[in-house]
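Here you get one chain, nothing else, as structure tokens; it is the form predicted on its own.
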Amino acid sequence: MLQFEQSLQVENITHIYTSPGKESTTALVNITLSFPRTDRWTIIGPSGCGKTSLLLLLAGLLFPSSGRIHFNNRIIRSPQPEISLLLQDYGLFPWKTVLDNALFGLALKRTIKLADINRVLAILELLGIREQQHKHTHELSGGQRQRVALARTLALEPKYLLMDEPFSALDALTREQLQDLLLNLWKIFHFTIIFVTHNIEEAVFMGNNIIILSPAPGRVAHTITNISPGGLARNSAEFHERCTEVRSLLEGSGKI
């Protein structure tokens, strides 16, 4: 019997969207992947190739039409407490303060204690927004709101952090700052990153492994592994060579 403990495994999944009276749409076909603990994965591919669908399946928010997804030696049939999903829109509550937004996920699970507040305040400190703890989200910049969303996720102590183009709406400098911050958080908290992006440079910078999906319906067209365990410097020759490699593979798979 195969063992999948402490690892997220995708076993030959296909996903088809169906609606009464409408033609079905195949999003993903025959996807088999393994996401070992504490590594960094980025997923890139043409628009509509099923990148977000794959994240929703990994998060237990969708169930595959065929195939299986395993976590901790169990088939995923619902959301898992050790797998967190961070979407593009942040999902913050404008009537709550930064601190209350950051505590919200924990508050759904249990009564908040002083130890929880202190731990979340420490996370806000790491994210550089502790001084904003009493503000509301409309008073924050886009980058600060993304940090609040990260704080809420980290408060849940996930083993896997799934991210769907989290920095796409930010300006270039803020985007790079948050990329650097996320890698530093990864080194501190040792979660596994699975990161969807349309941006080639972001895919190479954030991922030690890159999955390139084909045009719809999405299949795994290419996988690049073991790029750099600690990450590549943006101005390094290897970084630019990897970006060129990914761009070439994407051109063979379909435009982003």
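One rule holds for the numbers: they count along the sequence shown, beginning at 1. What you see is a predicted model, and the numbers here were worked out from it, not measured in a lab.
Omitted here: the form predicted together with a small molecule. The next part is about that form.
This chain is drawn without the small molecule; in the predicted complex, the residue among 116, 82, 176, 165 with a heavy atom within 4.5 Å of it is 165. Of the listed positions (70, 37, 219, 198), a single one reaches within 4.5 angstroms of the small molecule by any non-hydrogen atom in the predicted complex, namely 198. Heavy atoms within 4.5 Å of the small molecule in the predicted complex belong, among the stretches 220 to 228, 23 to 31, 200 to 208, 184 to 192, to residues of 23 to 31. The small molecule is not shown here, and in the predicted complex it never comes within 4.5 Å of any heavy atom of residue 215. Not displayed here, the small molecule is approached by residue 48 to within 4.5 Å at the level of heavy atoms in the predicted complex.
Looking at residue 65, you'd find every heavy atom of it more than 4.5 angstroms from the small molecule in the predicted complex. Using a 4.5 Å cutoff between non-hydrogen atoms, residue 17 counts as a contact of the small molecule in the predicted complex.
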